[in-house]
Every structure is written in structure tokens, then in C-alpha cells.
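Have a look below at one chain only, the form predicted on its own, in C-alpha cells format.
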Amino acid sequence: MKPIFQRSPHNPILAARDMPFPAAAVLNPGATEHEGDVVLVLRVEDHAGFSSIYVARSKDGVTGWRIQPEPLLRHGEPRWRYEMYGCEDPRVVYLSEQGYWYITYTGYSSSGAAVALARTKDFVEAERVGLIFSPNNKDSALFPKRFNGRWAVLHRPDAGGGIEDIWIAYSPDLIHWGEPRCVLREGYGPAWDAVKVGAGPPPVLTEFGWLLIYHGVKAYGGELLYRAGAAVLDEIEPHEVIGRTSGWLFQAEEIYEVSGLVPGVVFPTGMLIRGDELWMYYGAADTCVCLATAKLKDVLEVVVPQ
């Protein structure tokens, strides 16, 4: 059976060697389009082990990347003490009502991993909103529209006891968040996503509801294997799940996915809909950035009963 996702022959499309400065790894990018370019918002780890968020642009979304030499969000700024260890794993979405691209990311410090929010109009400068969820929490992705007057965001709190599910919260102003609900629970027993699940890119609206690509984790011999699956959430009440893949859709197989700083990891964080195709940008082995594409209808067919 032909796989649903096809890897770009140019993979890895971005690696540490492509940065115009010393870097140890480039991974887990948010993706959007701006002024005729595909824009990737990159987590870049430096040689000291700390991560900041940089911007890369490409006309075709695959080759010819232009890297901005200064970070959009730099870790260790004195005013932002919950980011002293890193700004990590950004997701980006355009909120047309606000006129800004909003970036959710992990602020990492001695207090743990927390969810932070920033916004930009040009991807040259960014304005921090601040933390929206306290530690330990991560894997956060905004929806691009309001629901009954409220914004919505997915996130993954650590509930203790090994429970790591995908939750949702709502906000009237993108600052104060509440109405928590559990959206997608981790699997059970030997399931491919039994250790934990986390949101991937910001959901996109389809004819069936909001398509969410998410990562699921299973332990093999003490090692964690990260794969990608999909779910569809209700268009009006996105805390309600319409469908979910019974198994994974995408896993580490190529050398750049099974060999690296953290082998066996595919971690999707950016997604574009281009015509009838879904373009999924992901981190591979916590080392480089890659691209895989699929027909949108093929993904929906395995999530929603036809």
C-alpha cells in the first residue's frame, strides 16, 4: 500500500549547516505564507545547548532558503525570565481579525516548560504577549478564528502520573484563558500513542471540521518513538472529536529520521494547504527540518468515515 505522505526528495530541507551562524540543530518549525514566500519559524539550538527562534523564507517552500541572521525571539532576555533556557517548538497562525501572525512556543527555564505567546506583522520583529500557561505545559497551537466570541488554543499539560493528553482552552482576549476541556486522550496498552500525545501544527478547517495533525509516542525497549497521526475536531465546538486515526500515518524511516540527536523522532509543527495538498513540515531526529506532502482527501479518508 502506498504511504499517504510522500517525503520531499530535497530532505532535509534545512540543517545546521545551512544557518549563517554556528548551530547544533534546526528543528520543529512553524509554517505560514507571507509576501509571496513560504516562511518557516525555526527552533535553532546553539552550541551551548540553548534554543532561540529564527525565520527562514523560500519562494517554493523547499529550496533557496534565506535565513534571517538575528533571532525573532531570543532566549535569555532579562525581562523574560521564563525563557532563560530556551524559546522552543514554535507554531504560527495568522489571525485576520487581529492583523497579526501569532506564535505559540515553549518557554523553557529552571521553572520548567511553559506556553508562551508572541505576535508579529513582518517576521522581522516580534512582540511578546507573555506566558499563557504555566509549567509544565507545551505543544500549544492556536485556532485561526473565534468560537462564540472566544479564541481557542490546544495545549498539552503534564497531569502527573504519566498522563499527557491534548487539552483545549478558550479566551476572550488571547491573554486570559479558561474553560479547560480534554480533547484527545493518549492511547492505551500497547497503542502507538499510549505514552503521550501532543498537538502538531495549528488545525486547518476542512469540509468535515478542523483537521489536526498530532504526534503520538510509544516506548520500545526504553526508547521513545514519535509518530504522527490525525484527528478531526468539530467545526463549531472544537473540543469535540469527530474522528481519529486508529494507527499512525507517518513514522521515522529515513536515515535523517532514525539517526540524529534524538533518533526515531518525526515531530510535525508546520502545515500549509496548497491546492489539494497538505504540506507538513516537521523536525527529524531533533536535528533537521524536513517536508512531507499528502493529498488532503487521502488524509481525511482515514480519519472521517465516508
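From 1 onward, residues are counted along the sequence shown. On a predicted model such as this, the values are computed, not experimentally measured, just so you know.
Form predicted together with a small molecule: not shown, discussed below.
Asks: For the interface check, one of 59 to 67, 29 to 37, 245 to 253, 258 to 266 should have non-hydrogen atoms within 4.5 Å of the small molecule in the predicted complex; which one?
Replies: Every other range fails; the passing one is 258 to 266.
Asks: Determine whether any heavy atom of K138 comes within 4.5 Å of a heavy atom of the small molecule in the predicted complex, and answer yes or no.
Replies: Contact check for K138: yes, within 4.5 Å of the small molecule in the predicted complex.
Asks: So in the predicted complex, does W151 come within 4.5 Å of the small molecule, heavy atom to heavy atom?
Replies: Result no; W151 lies far from the small molecule in the predicted complex.
Asks: Answer for W210 alone: is it within 4.5 Å of the small molecule in the predicted complex, judged on heavy atom distances?
Replies: Judged by the heavy-atom cut-off of 4.5 Å, W210 is well away from the small molecule in the predicted complex.
Asks: Heavy atoms within 4.5 Å of the small molecule in the predicted complex: does D298 have any?
Replies: Flag for D298 set to no.
Asks: Under a 4.5 angstroms heavy atom criterion, identify the one residue in Y226, F133, F143, W167 near the small molecule in the predicted complex.
Replies: Contact with the small molecule in the predicted complex is made by Y226 alone.
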